[in-house]
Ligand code: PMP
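Before any questions on how it binds or moves, here is one chain, the form predicted on its own, in C-alpha cells.
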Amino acid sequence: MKVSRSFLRHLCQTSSSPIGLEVQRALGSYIYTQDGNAYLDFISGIGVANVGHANPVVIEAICQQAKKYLHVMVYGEYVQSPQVNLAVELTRHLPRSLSVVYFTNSGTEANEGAIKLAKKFTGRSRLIGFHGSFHGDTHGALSVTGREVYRKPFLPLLPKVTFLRFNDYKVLKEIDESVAAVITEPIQGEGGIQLPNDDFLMAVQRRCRKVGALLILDEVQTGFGRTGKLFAMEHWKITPDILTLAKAMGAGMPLGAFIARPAIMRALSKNPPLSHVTTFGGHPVSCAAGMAGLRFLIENRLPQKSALMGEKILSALTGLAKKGPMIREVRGIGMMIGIEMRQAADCKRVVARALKEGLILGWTLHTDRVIRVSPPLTLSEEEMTRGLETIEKALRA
C-alpha cells in the first residue's frame, strides 16, 4: 500500500485537505520530498525550526545523549543532567525571579501546568484570557483560548473564564481580587500576528500586581529569537509571574516548560505532594537538543539576525502591498510576520500558488486572511530573496 494512501486511511485527519507533502528529509531552510522536490520552508514547521531543520549541532547532541540513556523515571525523581543543565542555562537568560523550571512535552502542557499552578498558589479560581488568543487544544488550555470556532464544539469548558479585548485598556478593571491568573501571548500568533500597543502589556502587569493575580505570559510561539529578542517580553520590559515556552525550545524535539519564582513553584510539592506530574516531560534527549539549540542561538546571535533580516522582509512585503489591492496590511516584528489579505480566497490562492513554486507558506489558525511568514532564523540572504520573489510571483498569479 502506498504511504500516502496509508496516511489517509490510518492517521486521524485533522482537516479535509492536508498539505500532503511526503517528506524524505529536511535540512536548514528546506524540506525535501520523496518525489525529488525541494521546498523552502517559510513557516519553520510552525515556529519550531528556529535553528534550522536538522541542525548538525543539535543532531550530535541528540545522538550523544541517546547513547547514554533515554527515559529512566517520571519527572522530578532522578537527577538527570540534561534537565538540570538546560534549566540552569535557560534561567541565565531570564529575569532573576524566573528561576525554577518545570519541563513539559509541549506548549499546551506548559499552559495547562501554568493554569493549575496559578490556581493552587493563589487559592482563586477565576481566569482571564483575551479574545483572539490561542493557548492550546487540551481542555484547560482551550478554556482560556479566545477563539469561539475552537471552543464551541467542546462546551462546557472550565467555568469562571472571562475574555477581554486585546489592547483595550478600559476592560482591565475586570481583573480583580477574584482572579487567579491572566494569560496572554505577547503577540497573538494564531490570532493573525496582532502586536500589543507599546504599554498595554505593562498595564496588564500593573493591574495584576495591584489585585494579586498572577500574569502568565505564553511565549510558546514568540520565544527563542523569533521576534528579534531572545524572548518577546524584552521588547516591552515586562516580567511575568509564570512564563510558558515550547515550539523552538526543543530545536525540533518535543519540549516545553513553565517557569516561575521558587515561592510559586513550591505550591506543586505540597498539599498534596506530586500535585502535578508528567512521565515524559523533560525527556533527556529533548533537553540535550534544547541545550544545543539554545547555545547555537546565542553563539550565532540569531535573535539579532532575526531583528535585522525581519526588517528587510517586512520592508519588502510592505513594498509589495503598495503594488496592488490584494494586501490589506503587513505587520510583525523580527521574523514573525503576517500578511493580511483583503479576501480569504486570495489568501488561499497565494499560499497554494507559492507551494507549487516550492515555497511553504500558511495562514494563521482559523484566521484565514493572514498569511504567516516565519522562516528559520538561519535563513540566508539568498533564501530570503528567493522566498520574497516567490511570494511576489504568487501574488501576481
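Numbering starts at 1 and runs along the sequence shown. Given the structure is predicted, the values throughout are model-derived calculations rather than measurements.
One more form of this protein, predicted in complex with the named molecule, exists but is not displayed; see below.
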**Request:** State the residue from Q205, Q194, T108, S143 whose non-hydrogen atoms include one within 4.5 Å of the named molecule in the model of the complex.
**Result:** T108
**Message:** Heavy atoms within 4.5 Å of the named molecule in the model of the complex: which stretch in 162-170, 185-193, 270-278, 298-306 meets that?
**Reply:** 185-193
**Request:** Answer yes if any heavy atom of Y102 is within 4.5 Å of a heavy atom of the named molecule in the model of the complex; otherwise answer no.
**Result:** no
**Request:** May I ask you to check whether G136 falls inside a 4.5 Å heavy atom distance of the named molecule in the model of the complex?
**Result:** yes
**Message:** Check T227 for me: does it contact the named molecule in the model of the complex (non-hydrogen atoms, 4.5 angstroms)?
**Reply:** no
**Asked** Does Q83 make contact with the named molecule in the model of the complex, using a 4.5 Å heavy atom cut-off?
**Response** no
**Asked** Listed by sequence position, which residues of 184-221 have a non-hydrogen atom within 4.5 angstroms of the named molecule in the model of the complex?
**Response** E185, E190, D218, V220, Q221
